[in-house]
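First, one chain by itself: the form predicted on its own, in structure tokens.
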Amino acid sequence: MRSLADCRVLDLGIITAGAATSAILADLGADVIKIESPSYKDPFRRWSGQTFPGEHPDMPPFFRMTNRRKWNAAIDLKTPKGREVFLHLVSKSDVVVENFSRGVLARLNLTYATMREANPHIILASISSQGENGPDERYVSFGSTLEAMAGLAALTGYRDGPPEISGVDYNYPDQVVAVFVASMIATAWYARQNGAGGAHLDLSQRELTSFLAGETFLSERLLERVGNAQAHAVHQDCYRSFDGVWLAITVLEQDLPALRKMTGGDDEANVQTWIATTESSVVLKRFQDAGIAAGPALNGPGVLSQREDGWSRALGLATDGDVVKGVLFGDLTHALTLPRPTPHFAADTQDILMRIGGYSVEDIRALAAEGAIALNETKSGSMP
């Protein structure tokens, strides 16, 4: 599926939100060029020291997951020449994705107005924690604080316990925003193809998180933290089976006759005791045969072991064999293609500037000598 095959994206995204957005666009066929600065690489390249033994220090799993299928150019936007090079690429591109702190693009003199001078039809997608304007726009935020301010953390946890956040290694608002922004960009791009012109797209991660949880804010009953329980379910919790496997169970009122037949009773103690004295495979089969929702609470290795059985698209292999994020959507009439490996820093700077920007080798050497760009002999591939 190559629905964005004629779309060129300049990716200024860092960490998850911006980079994951452009990765989805690449999956849809867009030609995505990740722009990193020689003085400020994507922090995911050094995220929590997660690189495995024997791997390149710039290529930890967190970075590989959100940057496969892209090209990489190193341009220092803080230098006049680097800014000039970037705006020249803007004139040859369709979309710019960014998730810097608010105010960064303005300080670089790379606002939407400036980009429109280079390309009147450019689409700028701005992803931020609090949105483009408002009293909180300059707040420093992580997924944890966004979950708190958006109301999600207050919904998560056990009765009389504290609010719960997903943590920096997951960060729900960062993960989910990418799907929405990629959809917005694709819509804006198709509209532009039909004469709508460029656009400046604004998406607040805080507002999106509140939007997704919003219906719960309308009822005091729904706002009460109750752990795994839920008002409409007679039983809903995680129970440990005889062989030590945690199982998630949801039993509704209409399921009680089948539950009593299975376990000999329908109270919480009876359910817990029966599961604790029964092998997990037996519990799952009995519940599923009875039409009652049940499933194992899999950890990471458990999820990975279900590949090609319980799932097939969530993760995949790049052409170099690295495990990376897969493609969640597919065209059943065409086989999914393996993504190109995640690019090393500056791997494609020269190729991009020559092929897209029209710069000569001499121009590129001069730009590198001035510090406006960086070159790297480690190649991720040649431009198509």
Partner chain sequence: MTTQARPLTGLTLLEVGSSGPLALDLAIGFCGRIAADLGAHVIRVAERGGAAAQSTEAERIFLHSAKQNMSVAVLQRDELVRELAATADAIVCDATTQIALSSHGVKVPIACIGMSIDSPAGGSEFTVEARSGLLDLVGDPGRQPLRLAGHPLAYTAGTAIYLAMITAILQKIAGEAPGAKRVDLLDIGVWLNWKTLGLALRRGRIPTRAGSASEWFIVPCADGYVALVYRVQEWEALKQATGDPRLLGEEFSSVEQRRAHRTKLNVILSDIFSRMTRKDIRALSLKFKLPLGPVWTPAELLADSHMVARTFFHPVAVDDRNYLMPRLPVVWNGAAFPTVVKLRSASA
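Basically, rigid core = biggest C-alpha set you can superpose within 1.5 Å across the two forms. Positions refer to the first chain, counted from 1. Keep in mind that what you see is a predicted model, and the values were worked out from it rather than measured.
Heads up, the form predicted together with its partner chain isn't pictured, but that's what we're talking about next.
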Open item on the list: Only one of 248, 108, 262, 256 gets a heavy atom within 4.5 Å of its partner chain in the predicted bound form. Which one?
Closed with: 248
- [ ] Work out which of 72, 171, 241, 93 lies within 4.5 Å of its partner chain in the predicted bound form, going by heavy atoms.
- [x] 171
Open item on the list: Please pick out the stretch from 31-39, 338-346, 351-359, 320-328 that is in contact with its partner chain in the predicted bound form, where contact means heavy atoms within 4.5 Å.
Closed with: 320-328
Open item on the list: Please tell me whether any heavy atom belonging to residue 225 falls inside 4.5 Å of a heavy atom of its partner chain, as the geometry stands in the predicted bound form.
Closed with: yes
Open item on the list: Can you tell me if residue 195 lies within 4.5 angstroms of its partner chain in the predicted bound form, counting non-hydrogen atoms only?
Closed with: no
Open item on the list: Considering non-hydrogen atoms and a 4.5 Å limit, does its partner chain approach residue 24 in the predicted bound form?
Closed with: yes
Open item on the list: Even though the partner isn't displayed, in the predicted bound form is residue 215 close enough to its partner chain, meaning a heavy atom within 4.5 Å?
Closed with: yes
Task: Complete contact of 156, 175 and 294 with its partner chain in the predicted bound form (any heavy atom, 4.5 Å) - done: yes
Open item on the list: Residue by residue through 148-163, which ones have a non-hydrogen atom no more than 4.5 angstroms from its partner chain in the predicted bound form?
Closed with: 148, 149, 150, 151, 152, 153, 154, 155, 156, 157, 158, 160, 162, 163
Task: Residue shift check between the shown form and the other one, rigid core fit, residue 175 Cα at least 2 Å - done: no
TODO: Tell me, please, whether between the shown form and the other one the C-alpha of residue 300 is shifted by 2 Å or more, with the rigid core used for superposition.
DONE: no
Task: Rigid-core frame, C-alpha of residue 235, shift of 2 angstroms or more between the shown form and the other one - done: yes
